[in-house]
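Quick heads-up: it's one chain on its own, the form predicted alone, in structure tokens.
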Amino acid sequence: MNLNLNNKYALVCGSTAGIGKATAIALASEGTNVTLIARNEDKLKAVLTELPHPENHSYIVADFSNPEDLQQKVADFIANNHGFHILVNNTGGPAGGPIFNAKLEEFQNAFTQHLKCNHVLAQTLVPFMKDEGYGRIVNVISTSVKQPLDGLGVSNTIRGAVANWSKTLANELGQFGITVNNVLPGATGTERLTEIIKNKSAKTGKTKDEAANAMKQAVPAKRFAKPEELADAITFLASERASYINGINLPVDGGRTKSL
């Protein structure tokens, strides 16, 4: 299937590791010109060398704890280079823990790094998408928007807010040839999963291997996802082939989520 992504421009957030990095590689492999964005410049430079035809790609150093600075840096890049047809919103999740014990600043920080940053990036990129008559916004969130996950109280709350923001935006932008969709990863082999397994091990007294195996048993596929499997779903949603898919939550979780 030809995804028709040649000569498209994509901004991929959180692209120095995990799902973000895998997505940057997948998009670049389909001919997309990718701009990486994260806060660690050394890691950004390293990932850039791993993309097919590194000379076609670029990066922006920005911290998602400061939405105003993030927006300014992206706006400056656009003014001096080009706009973007594709936005992949992807940011590391909040620390785990019971929601009752969560401090107010945990909610505030997560809301800033996820919803606020997603919003300012969409506001900055959408004018170019409208001019081009083509836009794809893909938000990497969590299956918790369908089925809240135990021990991830702050994440469950903020992910739900992002999902509803996304659906509302999809309704507003669909008429301009712009789609807005969410990809919901299940347990995926990333640093985030390693942290979750470590916390489960400490809480239950099981070894890390035992905690990991228990998580795998809750998945019909009986294994964790590879970041590349999430990247393939994101890349498809970013393509012309997904032009009539808009405003959806797509679980990529091996069947773990019990709701439809």
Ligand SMILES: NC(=O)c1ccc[n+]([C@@H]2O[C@H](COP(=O)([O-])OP(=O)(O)OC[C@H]3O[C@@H](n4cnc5c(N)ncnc54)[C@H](OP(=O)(O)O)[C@@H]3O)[C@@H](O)[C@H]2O)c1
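Residue numbers here begin at 1 and follow the sequence given. Quick caveat: nothing in here was measured; it's all calculated off a predicted structure.
We do not show the form predicted together with the named molecule, though everything after this point is about it.
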field: Every residue of M129, K167 and N246 near the named molecule in the predicted bound form, heavy atom within 4.5 Å
entry: no
query: Okay, which stretch from 77-85, 99-107, 136-144, 119-127 lines the named molecule in the predicted bound form, with non-hydrogen atoms inside 4.5 Å?
result: 136-144
- prompt: Hey, in the predicted bound form, does A187 get a heavy atom within 4.5 angstroms of the named molecule?
  reply: yes
message: Is A17 near the named molecule? Define near as a heavy atom within 4.5 Å, in the predicted bound form.
response: yes
- prompt: G160: heavy atom within 4.5 Å of the named molecule in the predicted bound form?
  reply: no
- request: Report yes if any heavy atom of L193 sits within 4.5 Å of a heavy atom of the named molecule in the predicted bound form; otherwise report no.
  value: yes
task: Counting non-hydrogen atoms within 4.5 angstroms of the named molecule in the predicted bound form, say which of S65, N213, N56, T204 makes the cut.
output: S65
task: At a 4.5 angstroms cut-off on non-hydrogen atoms, which residues of 84-104 are near the named molecule in the predicted bound form? List them in order.
output: N90, T91, G92, G93
